[in-house]
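A lone chain, given as structure tokens: the form predicted on its own.
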């Protein structure tokens, strides 16, 4: 069992001013996996002070110097990737197979994407006689969610370093094992003192202190809509620039004449992977009414092939992150039953035949509802679990209308036999990202949403530009 009793301020691991501790729970077993210290507002002030002082010099770092730091970070991540994967599993119960596919290499891809983007960005350009300068915005408060513990931190931190900003990172408490590993890496790459700082603690206490602090210039937050609204209110008094990624309720549109078996498997993957704990989860599956019954049976077959259990073993799906999250998902599954959707597979309670020693883990039965409608709670609200809601539609225009009838607008999916037709549908979706006939994502492409899914974009050039101010200097030459 690990004890994390230090936070990272001004280039040193230090004890919080008044340390308090909380247990970390391994969601796979329900047992304590460690203890983590909780800092308070005084520690936030010390971290922000260090970052503000460091900004005086780091803001003048050349593009080449920033790239060198990022390459050092990438090299260190590459060396310790196996440890990162283990930390992710300890934090959120992600299976080994999914770590190999995404959680491990995804973090490295994020750093390399920032390097490539910074190489491409022109920090000084001319517009006629006017000199246009892109310069770092200042102290960046980076508040990361727990569902992508490695990628969330590397995306935010690498973009901030590329922009020349100094950092105060507030990781999710449920992602502590991974966050500390990231901070240890950053400690080895010889950043100037105060450029990177990390404060551990509760979201309400640390998050509020950071987002209200007058010396924080930019806030990047990934998490729930409710917390995002609170952050926007906190930041309003000092008119901070914000980057908010607040979740989604993505539609997976199946076009007529699709290969039912193949597309049903993709639909299941798009909502079940990472135990459904993805803001881009394809939690609404829209299918032509004429093939609805056949399609949901194909989804049932795909779900029944998924193995739920030990994430360190050969499981396809691990637990959800916490008992609280487990209870929330149970509520939504029961809601779907009560509202009259057809329970095709799954349901409430834990899966049967869990491996010995994992009975207390927070495992969910992968669940598919059929014959739902877009006004049901399971179709309106973000569940953040392995629950698919299948909604029949009459025409493609009807499908587009249903897909857009959501307060969210983060991502969408369109699958069909004609790629051009699928692209035409994708262009009509009111979302920030659309997957067409595949589930891969370019780590350098902009990520963010419309409507209540947030403000701003992350990744690549777009993520760095969020943290740059634009200055125009007009002169005679």
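As the structure is a prediction and not an experimental result, all values here were calculated from the model. Positions refer to the first chain, counted from 1.
Beyond what is shown, the protein has a form predicted together with a small molecule; the following relates to that form.
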Please run the contact check for residue 221 against the small molecule in the predicted bound form: heavy atoms, 4.5 angstroms, yes or no? yes
Would residue 204 count as a contact of the small molecule in the predicted bound form, using a 4.5 angstroms cut-off between non-hydrogen atoms? yes
Though only this chain appears here, would residue 386 touch the small molecule in the predicted bound form if you measure heavy atom gaps against 4.5 Å? no
Non-hydrogen atom contact residue 44 with the small molecule in the predicted bound form at 4.5 angstroms: no
Only hit among 136, 194, 247, 392 for heavy atom within 4.5 Å of the small molecule in the predicted bound form is 247
Please pick, from 367, 147, 283, 113, the one residue with any non-hydrogen atom lying within 4.5 angstroms of the small molecule in the predicted bound form. 147
Among 116-124, 206-214, 330-338, 298-306, which stretch sits within 4.5 Å of the small molecule in the predicted bound form, heavy atoms only? 206-214
